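Just the one chain here, laid out as structure tokens, in the form predicted alone.
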Amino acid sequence: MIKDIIKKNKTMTSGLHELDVLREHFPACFKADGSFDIIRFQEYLKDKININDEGYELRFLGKNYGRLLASLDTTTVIVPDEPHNSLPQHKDSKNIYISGDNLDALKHLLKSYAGSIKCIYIDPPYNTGSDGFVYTDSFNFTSEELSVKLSITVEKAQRILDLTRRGSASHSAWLMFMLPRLLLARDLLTKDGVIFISIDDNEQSNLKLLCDDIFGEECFSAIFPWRKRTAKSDVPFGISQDYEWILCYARSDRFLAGIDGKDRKYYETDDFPEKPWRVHDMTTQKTASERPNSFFTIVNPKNGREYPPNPNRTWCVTKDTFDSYYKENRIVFPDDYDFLNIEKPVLRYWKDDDMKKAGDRFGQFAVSTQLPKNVGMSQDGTKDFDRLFNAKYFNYPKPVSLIKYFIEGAVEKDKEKPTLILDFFSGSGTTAQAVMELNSMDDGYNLQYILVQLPEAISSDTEAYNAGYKTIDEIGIDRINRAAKKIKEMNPLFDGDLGFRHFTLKEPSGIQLEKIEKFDKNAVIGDGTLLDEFGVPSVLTTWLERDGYGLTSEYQILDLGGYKAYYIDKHLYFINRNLPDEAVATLLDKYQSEAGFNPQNIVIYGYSFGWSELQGLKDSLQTVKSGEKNLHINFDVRY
């Protein structure tokens, strides 16, 4: 497990993952010596895309180092919070809360949730100089090792390492911090997924260029200006920083079509079957003197009723335009439909045209970036939090209404299939509350959340610390529990998921790593102390996630003659030590007598077994291959 990962990480270099993708899809572009033939690659693409030798990109110290970090696997294990997860309100929940470094968490999540997250919202550190951001990581490369991995000079490698070890808060350090996390986030999104990123002026322009590089400039949707407070006069140079920004990148134009039609009511009528339509005001704020050509009386050709113009708010069409719109069925009069509560003619818009218009504008400001006032400001986020705690434990959380607004714009209601929402800078847990509130609405959504928060220490001179909270994730967990209780009180009939499973990411200790390095695979007996130190639940949970079953999967505990093994789908896990012959015999009997029992992958915790035990298990299961089922069993011994 960890030993295998450490070995693989040592051989990882920047760009190796990208080369593996190219090698899989364009094998003919690799020469016999393994080098990549860029000229031949261009030949493959020249009739499909316009290849341009010129261009620009965001360059900063540590960019390739950030890409390298995204490629390295995590050596952390996933420790389930068994007392919490066994509680009635949590044991069957599909929501997930992870306490740990989000870079490690994203790497774990990719193994089960790649291409599965519909909407991501994050509120990362802004690098303001006062928000506490400094870059640190736990990778212990030497400058010589890093120079080889990145194909750079030792001097440049040392400059990068200095950024990682001296607590830098420079632009380069912040970008190096964000890059691997956004790369992994991209791979988690569905093909029509959307990501929203809150930021302020300090890094907004850099973040835009970084996201263009990671998600593709064609996936840029909009920058939403969010007014966080009312203006203040006591600011330098008389400029008040009242706004933050929310960058949006969408992986397909389906999102744009959805949010462009958000809050619009479409009608389906007998006179236009299978052609939904909406209405829109046909007046403008222009006066008669400003638009004299639009100052005319509209007459309904069907009944002769007249609709005079308003001198202070003229029609938005001219007489000629009105006549052409009427011929195209674009004009709706008050007498046309009983269900419309209108007093003057309005314009008709077809839903198909709305969708096409959004798609045509994909990659530009395809939606209105003017957020409605009801999304709230910082003070509203503080009120949301204070109403739950009756105390100020957290500074400036985002309003629940803001997160709900973006989720509603990004997802569709699907009662049959749940939609996954991810927030890997979850802070006080606003996103979880937003998801639960949306689910609890009448005809609500079917959403599940995954939250990640670093167990960042809380300062001892704060009200939160004095109340008993030692880390930020403790506040987030408590907020979710309090919000769930409040939702249930306000809506007693709601029987949706208000719980969550909690997991903590844990790095192996120095003693554990030393034992791992020294373990001899050919030893007569295993080392049971490693299993005792990690624990069966942690090993099993980490492996279930690694093998694509997620963090809320249901596995079976198999009793094999007194030995406990763990079974799910095509995988059978042997983790506990002391495997008796009776257990192997019972396993063979299950293969031969139970038609539905066909695990093809036997996964073994190598430290629990001696060489002879492993070989005996492999030899015994050869009979399954030669039996009626003719199964090919893959033995995966993990260290």
Ligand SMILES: C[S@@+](CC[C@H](N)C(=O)[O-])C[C@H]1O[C@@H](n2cnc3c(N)ncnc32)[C@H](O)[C@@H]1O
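Residue positions are given as counts along the sequence shown, with the first one as 1. Not measured: the values here are computed from a predicted model.
Below: the form predicted in complex with the ligand, not depicted.
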Answer with one of 454, 530, 565, 163: the residue that has a non-hydrogen atom within 4.5 Å of the ligand in the predicted bound form. 454
Interface residue in the predicted bound form among 334, 537, 496, 125, criterion: non-hydrogen atom within 4.5 angstroms of the ligand: 125
Based on heavy atom distances of at most 4.5 Å to the ligand in the predicted bound form, which listed stretch, 396-404, 84-92, 220-228, 515-523, is the contact stretch? 396-404
The ligand in the predicted bound form reached by all of 102, 181 and 427, non-hydrogen atom within 4.5 Å: yes
Though only this chain appears here, would residue 449 touch the ligand in the predicted bound form if you measure heavy atom gaps against 4.5 Å? no
With the cut-off set at 4.5 Å between non-hydrogen atoms, does residue 177 touch the ligand in the predicted bound form? yes
May I ask you to check whether residue 472 falls inside a 4.5 Å heavy atom distance of the ligand in the predicted bound form? yes
